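In structure tokens, one chain follows: the form predicted alone.
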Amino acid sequence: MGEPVAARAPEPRAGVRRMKEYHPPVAGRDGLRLDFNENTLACSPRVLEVLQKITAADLTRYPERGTVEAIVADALGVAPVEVLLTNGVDEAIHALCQAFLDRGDAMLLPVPTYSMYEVYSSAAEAQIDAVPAVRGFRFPLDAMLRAIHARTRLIAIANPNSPTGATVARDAIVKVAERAPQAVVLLDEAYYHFFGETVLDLIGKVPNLVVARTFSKAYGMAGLRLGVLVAAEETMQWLRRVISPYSVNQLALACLPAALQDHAYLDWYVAEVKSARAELAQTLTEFGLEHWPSEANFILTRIGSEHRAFVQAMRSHGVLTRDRSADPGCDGLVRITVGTREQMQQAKAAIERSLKEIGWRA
């Protein structure tokens, strides 16, 4: 037989070629992690106790999430048939796009917002209808209502929003849902615990509403990849059809009940972050840095043309931050995750040194 003829690798479908790529800067994350909005300290000690009891035999079984979904449903005050555990909220977004978006459909987004909405919707070959935030990153309700059309099939609203920390009023969410009965309206409540307001009670009452939560932020289990979708049973049947039955791993399922039971630890961490958030806002004000009100575990601040130099200087002082200049309307802006009050004292010192090093002036 002769040598194989050199050939090009097969091409993916057109929708994949047009996808927007997402490259999280996760490499070399040594230092105080104020860049990804994670829990900056630890998960509940009860979670570690569960992990220590995992046996080799436990790892040989395929995961079964039904029992744990019932526990989550009880914790959230909804019916088990309305709950679907996912491999992080990213899988939840992907499942919604797979279930409800077709080529030529449209996804409506207020921007700036979480990047993965656009990534997964573009993979489904959907049109992206982006509506810029109102001055001060406020939710653009009137423009959102005007942007809804017959092909709008999915609307994603993060509340609080990332990277801004801004929130959306309950009546505005209902107005959007009512204006677009043909569309699924996703309320991404990843940062709910730092805000305290939810629309979970509207599940079933507003038939096209879906709520997502994560266990990566306040619960401190980002490495276990756990999210949850809550939707009316009529909607959930389609989501269960498109999602892998084994996408949530055995370790995550084993740990989740323990995390949910430890109310004291969760309440302590959330209170700590809220206090530290107020202190960080005061620090930024003292340094003359413009910033915006946030109900999440981060604050967005304006550094200006030296944003890259600032992020690098902070890294050199052992504190990681996130440059958000590539987001719509965010040129020169940097997002700083909020940790504990002690950690934010370290961050304050790094901010002061970094601003001096880059020659920043208010």
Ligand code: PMP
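All figures in this text were calculated on a predicted structure; none of them were measured in a lab. From 1 onward, residues are counted along the sequence shown.
Omitted here: the form predicted together with this ligand. The next part is about that form.
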Exercise. If you check L101, A190, L229, A276 against this ligand in the predicted bound form, which one has a heavy atom within 4.5 Å?
Worked result: A190
For this session: Would you mind picking the one in S216, T152, N208, T283 that has a heavy atom within 4.5 Å of this ligand in the predicted bound form?
Result: S216
Exercise. Would T235 count as a contact of this ligand in the predicted bound form, using a 4.5 angstroms cut-off between non-hydrogen atoms?
Worked result: no
Exercise. Quick one: does G88 come within 4.5 Å of this ligand in the predicted bound form, counting heavy atoms only?
Worked result: yes
For this session: State yes or no: in the predicted bound form, is some non-hydrogen atom of R225 no more than 4.5 angstroms from a non-hydrogen atom of this ligand?
Result: yes
Exercise. Does at least one non-hydrogen atom of T167 fall within 4.5 angstroms of this ligand in the predicted bound form?
Worked result: no
Problem set entry | Interface stretch in the predicted bound form with this ligand - options 154 to 162, 133 to 141, 103 to 111, 172 to 180, non-hydrogen atom within 4.5 Å | 154 to 162
